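Next up: a single chain in structure tokens, the form predicted alone.
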């Protein structure tokens, strides 16, 4: 058996959006790239059913639409649904900027899309090694020069390693870029079901004109039972993806089982009619890193960089993560190219990866929303009191026929102040503004 060293120019760990993007960019510029994927195939373990953003996809592949990507419906209606225990207020937007061409968001099923995205990296020249687990790193003179795997004689060498391992940051810890597991207060567990319905049924129940229209909805209020978290609804072509994500810490404190939380959401009187008669296609759970800026590891060291979920690149308020992963993957790939051109793979050279991200929305947004997780943990009323009040207020407003309207507004005011004092309401709004603006 040959003892010849297996050598690449770049090794990428993980064939998700960040990893396949980094590999494609590096391979496109002539580097010899391997992607090591622990799953049977790229995307095979991904339960995501949400939105991808065309601005990031087209940044990597300007000819995206000629490549026929496996996207579902375009997002032509988006916004918030506010649930009380037995009602719902919708605040959504459609038309106008949402319908600008090209439409900026499409619903996708990542198990399907990630496989296709990895195929594009293969076409650029990347080599995928599936069913392989990276267990540690190889060092020379204190710098990373390769990885060890669970395969016999599985050492693989490269002067640049790009870690895109996802939310379980074991390798990122081994590199010393962060010193702890993901924290329960900084991670959400999202559970979801993909429910099959005919396109005609989806359109009729959600008021969509055709299969060329789709929805991406964030659901606030009773869906999370007062815990910090959100529900969601996305329309695929022939299915609806519904789920709810709440922090691990809240689940531990309340002892509420995630599947019970999801079932309660699906049985809500405003939600159940949407999925009535549908067939369960998929049930899954996924951890989402929501610590953002404050939980972000150091992004580079000598011979290695980290991108995507492993680097806590998620903006929970806007449900952004996929585009951040793609942009970070691109920047990591470009930095690998630069390092090879210089023949220098030191931390100083790889620091240009973080410098490049500082100029993009990724780092700017994560820094701006750095207080959001703490705000939601400290203000459960935004998950419970205010959505219920909004339902009551709107219900009163539209059932006030035959009564003096001065009485109506007094009732609405009492509905708020009986739940939350005026001073606390003002304090809540100020705190929310600070968390959003980032001051």
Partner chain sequence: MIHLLVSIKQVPDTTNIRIDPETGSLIRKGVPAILNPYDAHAVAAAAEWKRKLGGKITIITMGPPSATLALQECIELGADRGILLSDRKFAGSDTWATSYVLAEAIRKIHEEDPIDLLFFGKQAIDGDTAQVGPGVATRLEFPLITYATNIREINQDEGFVLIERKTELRTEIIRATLPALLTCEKEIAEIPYAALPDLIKSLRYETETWTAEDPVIYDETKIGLKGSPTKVSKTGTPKQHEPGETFKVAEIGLKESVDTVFEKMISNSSVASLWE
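The shown structure was predicted, so the numbers you read here are calculated from the model rather than taken from an experiment. Positions refer to the first chain, counted from 1.
Unshown form predicted in complex with its partner chain; subsequent notes refer to it.
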property	result
Its partner chain: the contacting residue among 156, 281, 103, 251 in the predicted bound form [heavy atom, 4.5 Å]	156
Option touching its partner chain, based on a heavy atom within 4.5 Å in the predicted bound form, out of 130, 184, 273, 207	130
Region of this chain that lies against its partner chain in the predicted bound form, out of 339-347, 146-154, 252-260, 190-198 [heavy atom, 4.5 Å]	146-154
Heavy atom of residue 6 within 4.5 Å of its partner chain in the predicted bound form	yes
